[in-house]
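For reference, the chain that follows is the form predicted alone, supplied as structure tokens.
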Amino acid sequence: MHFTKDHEWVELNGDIATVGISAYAAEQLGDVVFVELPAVGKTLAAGESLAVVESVKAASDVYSPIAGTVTEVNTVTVEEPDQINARPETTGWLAKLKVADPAAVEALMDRDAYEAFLGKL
């Protein structure tokens, strides 16, 4: 699993990347009450808005950590937004992308680097 400074995570399996928000981001948001996911087939550039997650505190854009085309969305998070709070880095994932360049994931932070980054916030 790799992370961005905006607290998204990505896990690569072949050329398919699963994307979500980190446990830290879920904690900072508070109780998630609404999720808007992208359309399957949408092509995203790295850094482009992938989804919107609304909590009792605020609405936040979730950015695509890497470029790719949406192949699947997690409709469970739409029906049960609290899954993002309960399991943000597992079953609370948001979308799967067919990645344009799998090597782009390696440019992101691994868990140790992300934990060090969080320690500086």
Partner chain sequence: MPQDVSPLKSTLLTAAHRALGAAMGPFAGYDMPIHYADGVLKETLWTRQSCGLFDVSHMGTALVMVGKASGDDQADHRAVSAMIEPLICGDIAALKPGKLRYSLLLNDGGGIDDDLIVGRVPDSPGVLYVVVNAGNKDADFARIGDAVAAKGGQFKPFQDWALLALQGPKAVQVLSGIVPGVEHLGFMETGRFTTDEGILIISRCGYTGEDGLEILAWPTLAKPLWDRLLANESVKPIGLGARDALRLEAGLPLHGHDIDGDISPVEADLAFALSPRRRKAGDFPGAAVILNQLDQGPPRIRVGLRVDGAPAREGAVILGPDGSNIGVVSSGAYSPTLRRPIAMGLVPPHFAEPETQLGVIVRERVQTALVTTLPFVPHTYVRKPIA
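Residue numbers count along the first chain shown, from 1. As the structure is a computational prediction, the values presented were derived from the model and not from experiment.
The same protein has a further form, the form predicted in complex with the partner chain, not shown here; the description that follows concerns it.
Between the partner chain and the residues A86, V40, A59, A45, the one pair within 4.5 Å by heavy atoms in the model of the complex involves A59. With a 4.5 Å cutoff on heavy atoms, S55 counts as touching the partner chain in the model of the complex. The partner chain is not shown here, but in the model of the complex it comes within 4.5 Å of a heavy atom of E36.
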